[in-house]
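The chain below stands alone, shown as structure tokens; this is the form predicted alone.
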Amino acid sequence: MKKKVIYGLVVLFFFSVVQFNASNAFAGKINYKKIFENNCRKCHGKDGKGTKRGKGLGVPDFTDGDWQDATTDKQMITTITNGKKRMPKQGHKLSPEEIKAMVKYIRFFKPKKRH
């Protein structure tokens, strides 16, 4: 009887750990495309070049390699978090992890170098 109880507790503990690890693995996935769509696309455009509205507000062209090279990840994190000029701050809407994911997504717009 004692062995069955111990065995049952071990099995219960095992499944608890497996469930905890599985939920943490999926909790870290950030839907950066949805965040960009909901918070950035209106001004920065789907292609990252800027919409008519965005260009009027002075948004950068994310497809400009010179802009990409001149702008650090830290600068982008600061701008997204605190806003800049007419860009509203997003630090209250997005987590630090989501902001970092947005920086990585913005880097996808950088043109590929040709050899």
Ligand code: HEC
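From 1 onward, residues are counted along the sequence shown. Everything quoted here is computed from the prediction, not taken from an experiment.
Below: the form predicted in complex with the ligand, not depicted.
- Looking at N31, you'd find every heavy atom of it more than 4.5 angstroms from the ligand in the predicted bound form.
- Looking at K46, you'd find every heavy atom of it more than 4.5 angstroms from the ligand in the predicted bound form.
- Contact between R53 and the ligand in the predicted bound form is found at the 4.5 Å heavy atom cutoff.
- Although the partner is absent from this view, Q90 contacts the ligand in the predicted bound form, with a non-hydrogen atom inside 4.5 angstroms.
- Contacts of stretch 30-51 with the ligand in the predicted bound form, defined by any heavy atom lying within 4.5 Å, are made by N39, C40, K42, C43, H44, listed in sequence order.
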